[in-house]
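Below you will find one chain, with nothing else, as structure tokens; this is the form predicted alone, and questions on how it binds or moves follow later.
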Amino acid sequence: MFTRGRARGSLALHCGLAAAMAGACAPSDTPPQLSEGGAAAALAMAKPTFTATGELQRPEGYREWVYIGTPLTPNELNPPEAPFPEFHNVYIHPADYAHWKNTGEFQDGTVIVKELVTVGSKQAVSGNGYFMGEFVGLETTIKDAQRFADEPGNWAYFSFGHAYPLAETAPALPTASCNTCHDASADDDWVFTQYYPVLSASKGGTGTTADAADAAPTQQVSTAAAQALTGDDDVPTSADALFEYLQAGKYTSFAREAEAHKSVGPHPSPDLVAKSTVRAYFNGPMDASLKAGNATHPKGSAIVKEFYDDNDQLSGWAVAVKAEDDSQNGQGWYWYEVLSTTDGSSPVAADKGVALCWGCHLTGRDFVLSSYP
């Protein structure tokens, strides 16, 4: 959570999260072939940028990020008046949360946003309490070893105001405004993770049962074994070649899900409204890696997902290919989606690091959401 003193320009951050985007605060790449909905999703995945004079641009799309909590220190419990009496809705960038979840560390580039909301009503049908009122401010903290090399922990803090309309840009606040308190009292790397059970439960894959399962030790497929499984299992990573590959049905010999089912993700039917019925196919390296329960998958691992329309006719495909040894927070995967089986000229996505795709797949094991068939 961020903390601000009585002076409006004074701010401190009481919260915790993680970073995983390559390059501090650089916006995610948005492939030119993204649909309108995809562009919106990519905007939500983009990190805030800096002006030429070093001021931070106000973050956009942060309500689509990972929400980690809402601390509240009301006036009634801090008489005569609390220094920060608002609700503090705190969000962390999804890639940063994924890194925290996997490693228990906030990597360089971590972005955390805190939205300030007044205390509104103190009564509801459920009883007496504190209930949210109006949005009144926005604050951000960023960890950037290059840009903030002289700041404690390489964290800098920004306030876009405590009244609307908010400022479009903000300079870094003085070190004494925030870092002193964070240094003295925050549990993890200048972040008050002790007030965010979402972070405590997921730190480094420990805590909740689900997170512990994600981090369970597994038997990795050896490099030699992975190479032995390639060959016919190679899936192209260029749009034209991949479309021809899909049309030819070369993936249909792969291991596959037992039956088609409704997609649990945003993959649409051709009318872009209803969710498609889908069926996933796993090439040799991916099949072996899933069978072994690997935490990461070898380079060359691929999944092809078929889409079916309401008449159970094949209507398109989505493809994910691990193109690099390191997933690079989704940047090392090639993502492809097309909503036609006859025309491959307008794919929804066809590139490495498509934000629309990896943003959804962040919660999967090494960006794979499908279960072993």
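Between two forms, the rigid core is defined as the largest C-alpha subset superposing within 1.5 Å. If you're wondering where the values come from, they're calculated on a predicted model, not measured in any experiment. For every residue, the number given is its place in the sequence shown, counted from 1.
There is also a form predicted in complex with a small molecule; it is not shown, and the following applies to it.
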Heavy atom distance at most 4.5 Å to the small molecule in the model of the complex, all of T140, S263 and V319: yes
Partner-proximal stretch of 161 to 169, 238 to 246, 125 to 133, 177 to 185 relative to the small molecule in the model of the complex, 4.5 angstroms, heavy atom: 177 to 185
Close approach of Y251 to the small molecule in the model of the complex, 4.5 Å, heavy atom: no
The small molecule contact in the model of the complex: W65, any heavy atom under 4.5 Å: no
Residue contact check: G104 to the small molecule in the model of the complex, 4.5 Å heavy atom: no
Close approach of K352 to the small molecule in the model of the complex, 4.5 Å, heavy atom: no
After fitting the core, H297 CA displacement of 2 Å or more between the shown form and the other one: yes
Core-superposed comparison between the shown form and the other one, S159 Cα displacement 2 Å or beyond: no
Residue shift check between the shown form and the other one, rigid core fit, N283 Cα at least 2 Å: yes
Sense of the change in Cα distance from L362 to A186 in the model of the complex - at least 3 Å versus the shown form: closer
Closer or farther: C-alpha pair T70/C360 in the model of the complex, relative to this form, given a change of 3 Å or more: closer
